[in-house]
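Here's a solo chain for you in structure tokens, the form predicted on its own.
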Amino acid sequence: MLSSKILAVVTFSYLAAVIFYLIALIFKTKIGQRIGSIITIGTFVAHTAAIILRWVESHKLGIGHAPFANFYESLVFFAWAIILIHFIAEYKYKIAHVGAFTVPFAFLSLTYAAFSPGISSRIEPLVPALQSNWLIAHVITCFIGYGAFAVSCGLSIAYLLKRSNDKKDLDALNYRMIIFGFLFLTAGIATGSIWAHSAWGAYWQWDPKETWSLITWFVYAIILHVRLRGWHGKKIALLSIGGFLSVLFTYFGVNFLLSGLHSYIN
């Protein structure tokens, strides 16, 4: 599939962007930031085109569904969501150097999708449970939330490593990213519940992924609560990193370690 070939190029282009962001960070050069940003912009456009093309390819195969149906497609969209949120942070708040900490998450997601032997890039028909418009709403809201949490984690790592005057800005932006991600995660859980009722006749079944999604929701709810109670800086940065580890377990650990409706094991 042409879309898969484009995504292979996209993967290594994000790696190139990360290298230039790191050069800018280490050697304090603005040209590295600019090149990194230009590569990221161009790659994101190609990334978006590949997702749209994969949708078109599925129609040509007579399958015709949004490219959110399997693990490969979700990894591709996860990377896309991370870069989208990264752009919001970079251009709205003028902190391009954060790309050295956020873009690697997108690169790693695509690398895992492309090179893991257990993941197929084939376009396959939807099983009956996935044949619902709620699938699109659920995946988009969840992964935009996950993308925001990935950027929050990157901001937290930047906060812990940097010794500059912009640490206050990083802390404030990290808080905004957590709020943004929390709202979308809430919407994702809500749309997932509606979808589950449509597919299986119950809004909630305490499936491992459902359960861990709720745990992750409580983790970020606690982070927001203690932030309002006066916690700032290093404490919130460490909690944000911990929260993203919970996101990763929700996404990867549950899918492969625990058997359930959302897992990739039998």
Partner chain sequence: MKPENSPSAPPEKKQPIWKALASVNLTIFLLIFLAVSSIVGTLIPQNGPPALYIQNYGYGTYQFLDSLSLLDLYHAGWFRLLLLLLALNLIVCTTDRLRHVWDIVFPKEKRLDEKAVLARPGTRALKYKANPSVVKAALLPILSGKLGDLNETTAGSTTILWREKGRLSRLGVYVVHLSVVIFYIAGIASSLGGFRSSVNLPEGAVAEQVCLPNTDVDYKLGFALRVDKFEAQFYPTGEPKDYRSDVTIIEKGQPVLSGNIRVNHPLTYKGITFYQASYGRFPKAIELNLVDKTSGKTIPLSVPFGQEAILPDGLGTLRSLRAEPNVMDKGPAVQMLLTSPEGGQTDFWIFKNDPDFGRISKLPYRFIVTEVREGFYTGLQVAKEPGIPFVWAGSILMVLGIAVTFFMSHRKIWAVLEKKGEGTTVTIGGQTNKNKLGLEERLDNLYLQLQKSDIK
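Residue numbers count along the first chain shown, from 1. Bear in mind the structure is a predicted one, so any value in this text is a computation, not a measurement.
A second form of this protein, the form predicted together with the partner chain, is not displayed here; the remarks below concern that form.
Remark: none of the three candidate residues (L2, I31 and I51) comes within 4.5 Å of the partner chain in the predicted complex, counting heavy atoms only. Contact between R176 and the partner chain in the predicted complex is found at the 4.5 Å heavy atom cutoff. Interface residue remark: S120 is not counted as part of the site for the partner chain in the predicted complex, having no heavy atom within 4.5 Å.
Contact check for W55: every heavy atom lies farther than 4.5 Å from the partner chain in the predicted complex.
With a 4.5 Å cutoff on heavy atoms, T211 counts as touching the partner chain in the predicted complex. Comment: the partner chain is not present in this chain, but in the predicted complex one of A199, A66, A46, I241 has a heavy atom within 4.5 Å of it, namely A199. Partner contacts here mean any heavy atom within 4.5 Å of the partner chain in the predicted complex, and among 187-195, 73-81, 110-118, 152-160 they occur only in 187-195.
In sequence order, A221, I222, H225, V226, L228, R229, G230, H232 are the residues of 219-248 having a heavy atom within 4.5 Å of the partner chain in the predicted complex; the partner itself is omitted from this view.
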